[in-house]
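One chain follows as C-alpha cells, the form predicted alone.
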C-alpha cells in the first residue's frame, strides 16, 4: 500500500527508465543541497499546544488572489510526458480535483492553453484548475512578451519568474547518462516560435538578466509576479522595492548551485527581510504534512512540491498524483489537530524548535509572527 512520498518514489523507480529516474532524483554537483532540503526538515521539532478545543481544521488559503483548498501547491517541474502519456494534462486534472494551485512549467511538454482547457470543470465544484505560469526571462524580450500573453490568455493568475539560472547547473547524473535532450516526439511546447516556422527554441539561461528585466516585466503585465530562487535577504528586500508581489523561496531542488542552504533554514531570515509586505511560498524537501506545518509556522503562506509530483505521476498517472496529494492533505490535517491548531492561520514560530538548543532558547524565527 502506498502511504508516503517515499512509497511512491520506490514504486515509480520500478516503472521508470533508470535514466529518467536519475533525471528526477538528481541535482547539481555532489547533491549536497538535494539531501539538505529533506534533512533540515527532519532536524526541526514541533512543540504542540493542547486543550485548544478544535474539532475541525481549515486548510483553505488565498495567495495573491488565488484561492486553494490546500496550502500544498505543485511547483514547476519539466517533461511530464516522460512519465505518463497525458503529461501535464494528468498533473493539472489531479491538482484541480483536490483544489491545489499548479505552476505550469515553461518546459512543459503540453501547452498551457491545452492544460487550461482540459481542466475546465475538473474540480469538485466545477471550477477550472488554478494555474500559475513559470517563466525564464529570455533575452529575446518579444518572445518573452508572447509567453506572458499566452499565459494570461489561458487564464493563469500569476507569473513565477525563475531567477537563479544565469547558467545551467551541472547535473552530473544526466551527463553520465547522456540525457541531454528530450526523446523524439516530445518537445517543450512553450518554446515553439511561430515567427520561425514553428522552430523549437532552446530555453536560454542568460547572465545578462537583471533587475531591469523585472522592471520591464512589471510594466507589461498586471498579473502578480513571484520570484523563484531569490535566497539572499538583500535580494528579498530588493524584490519588494521593484514591485514584486511574492517570493517562491526555492533552491531549485538543489539543481542549480550546490551547497546552498536548505530553504527551510533560510525562511525565518527571508520572512524578516520582507516584513510581511509580500507572501512567501517555500519549496524544497517537503515530504510530510509535518513539513508543511513547520514551513507555515515559520512564515510561509504555502509550500510547493516538485519531485513527489513526478514520482506519483510515474507510479500511477493522474490517479496516483491525486492519491499522493490527498495523503499529504490528510497528514497536514492530522498534524494541525495534534498541534492544537484550528487551521493553517493558527500556526506560529513558537511551535517549532531546533533540538540542539536548550529548552529556554528563543523559538526558531524569534519574535517573527
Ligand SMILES: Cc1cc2nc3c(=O)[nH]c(=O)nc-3n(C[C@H](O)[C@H](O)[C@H](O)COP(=O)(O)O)c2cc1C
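Numbering follows the first chain given and starts at 1. None of the values given here were measured: they were computed from a predicted structure.
Absent from the display: the form predicted in complex with the named molecule. The rest refers to it.
- Taken together, 70, 93 and 132 are entirely out of contact with the named molecule in the predicted complex: none brings a heavy atom within 4.5 Å.
- For the named molecule in the predicted complex, the listed stretch (276-284, 212-220, 94-102, 141-149) containing residues with heavy atoms inside 4.5 Å is 276-284.
- Residue in contact with the named molecule in the predicted complex (any heavy atom within 4.5 Å), chosen from 110, 191, 231, 78: 78.
- In the predicted complex, the named molecule sits within 4.5 Å of a heavy atom belonging to residue 255.
- Mapping the unseen interface onto this chain, residue 157 falls outside it, with no heavy atom inside 4.5 Å of the named molecule in the predicted complex.
- In the predicted complex, at least one heavy atom of residue 306 sits within 4.5 Å of a heavy atom of the named molecule.
- At least one heavy atom of residue 310 is located within 4.5 Å of the named molecule in the predicted complex.
- Taking the named molecule as positioned in the predicted complex, the residues of 9-30 that bring a heavy atom within 4.5 Å of it are, in sequence order, 23, 24.
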